[in-house]
Each structure stands twice: as C-alpha cells, then as structure tokens.
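What follows is a single chain, given as structure tokens, in the form predicted on its own.
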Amino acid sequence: MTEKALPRHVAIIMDGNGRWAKKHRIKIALGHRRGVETLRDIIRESSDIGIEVLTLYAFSTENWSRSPEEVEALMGLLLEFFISEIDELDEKNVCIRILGEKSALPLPQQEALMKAENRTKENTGLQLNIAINYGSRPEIIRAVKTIAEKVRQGKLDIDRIDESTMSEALYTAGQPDVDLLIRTSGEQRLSNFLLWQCAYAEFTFPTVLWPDFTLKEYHAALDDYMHRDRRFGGRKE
C-alpha cells in the first residue's frame, strides 16, 4: 500500500467484545480486556504506516445503561490503558484528543484523560481521538449552542455560518473528515458515531469480532478502501 492512497482519517467502532467473551465462555470484562490488546496493535500500526487521524469509539453516552459491573470494568480498563500506554504513545509522537463529555466520568478517569491530552498536545504524529462518553447528536447540539452564543454576542454574523463554521465547533475541529469507517462484528449501523464527520466516509463491516481483528484484517480494510472510487456526490465521465 502507498502512503498517498491511505485514508487520512480512519474511524473504528470496536464492536464484539461481549460476544467474544460469550463465545469463549468467560466474563465480559475479560472480553473487553482482550479487546484492549487489539486496540494497542491497531494504534501502533496506524502510527507506523502514516495514518493521520485515528478515531476509536471507546464508550458511548448510551453505554451507561449497561450493567454496573460492566461499566465499572470498562472504566477500570480505561484508566489502566492510559497509565500503561501513555509513555509509549508520547514517545511515538502521538497526539491524544478525547471526544466526549469528560466531566461525567469518575474523577480518576477524568484526571488521566486530561493528563494524556496535556502531555501529548504538542506531538505532531498520529492524531489519536478516543471517543469516551461520546454521542454524535450531543456533539452536534453542543456545536450549535457554541455557534448560537457567538451570534448572540455579536462575534459571528448569522449569514456567515457555513459547513466550516460547524466543523470547527465540533470535537474534531481542525481535523479532516472521516475517510474510512470500520465497524467490526458484522453490525451495520453508526450507533450515533461521528454523524457529521462521516458524511462522505466509505464504510466497511468485517464480520470478525473486535478481539479477533488482526493487523491482517486491518490491512484488508485499508486495501479495500484504496480500491474504491470516491466521487463525493459527483460523477466521473
């Protein structure tokens, strides 16, 4: 694969940890832990091959409805990940950005996320977005309120609001829109993820569960993307 043909922005819905755990007759928490191992591999590979932005759906606003035991396990893994991986991520020049409302998270997780963002904010390599307590509709509402407040204060002319204005009010401000969205486990829906940013994204839905999503599977998804004809609503003569 050539660097020019790679997607600039890859987004992944890491689906299937629970089903993987059920398949192997182990606790769901262990399925999530196995999924973190896959996560590490994908981040490293994305950095190494020159992906510009990688966005990972780690915990949605709807995930709070899961059992207290599963939520607690996910929060624990989140904290563990940032404590164990931050040194390597910083060394690899990865810039971490958290998408979502951090204030609703437990205090230790909030602190770990803020430290990771602050420590890596000047890094110029892979931009790693981790969506935590994230929902795209709340993100869009937040952006609209931000824009409306600028109009109210006289800082923005309402007639000058355009797509760029909206994009710059989102969590992903300054980043390119999603080129390729991957959702593992075979499910074929967005689940309130990056609705604005995925306007012209290419989608792929490998049936493999996230803990079994290997680098071979990842490269297959990238290769499939690179062979697609992207027209962005136009038509090639």
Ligand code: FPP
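Note that residue numbering follows the sequence shown and begins at 1. Remember, predicted model here, so these are calculated numbers, not experimental data.
Separately, the form predicted in complex with ligand FPP exists; it is not shown, and the next lines address it.
Asker: Even though ligand FPP is not shown here, does Arg66 get within 4.5 Å of it in the model of the complex, heavy atoms only?
Answerer: Arg66: yes, in contact with ligand FPP in the model of the complex.
Asker: Whether Leu77 contacts ligand FPP in the model of the complex should be assessed with a 4.5 Å heavy atom distance threshold; does it?
Answerer: Because a heavy atom of Leu77 falls inside 4.5 Å of ligand FPP in the model of the complex, the answer is yes.
Asker: Using the partner position in the model of the complex, report whether Val36 sits within 4.5 Å of ligand FPP, counting heavy atoms only.
Answerer: So Val36 counts as contacting ligand FPP.
Asker: Can you check whether Ile130 is within 4.5 Å of ligand FPP in the model of the complex, heavy atom basis?
Answerer: Ile130: yes, in contact with ligand FPP in the model of the complex.
Asker: Choose one stretch from 28-36, 172-180, 190-198, 45-53: the one whose residues place a heavy atom within 4.5 angstroms of ligand FPP in the model of the complex.
Answerer: Single hit among the candidates: 28-36.
Asker: Scan 13-40 and write down, in order along the chain, each residue with a heavy atom lying within 4.5 Å of ligand FPP in the model of the complex.
Answerer: The stretch touches the partner through Met14, Asp15, Gly16, Asn17, Gly18, Arg19, His32, Gly35, Val36, Leu39.
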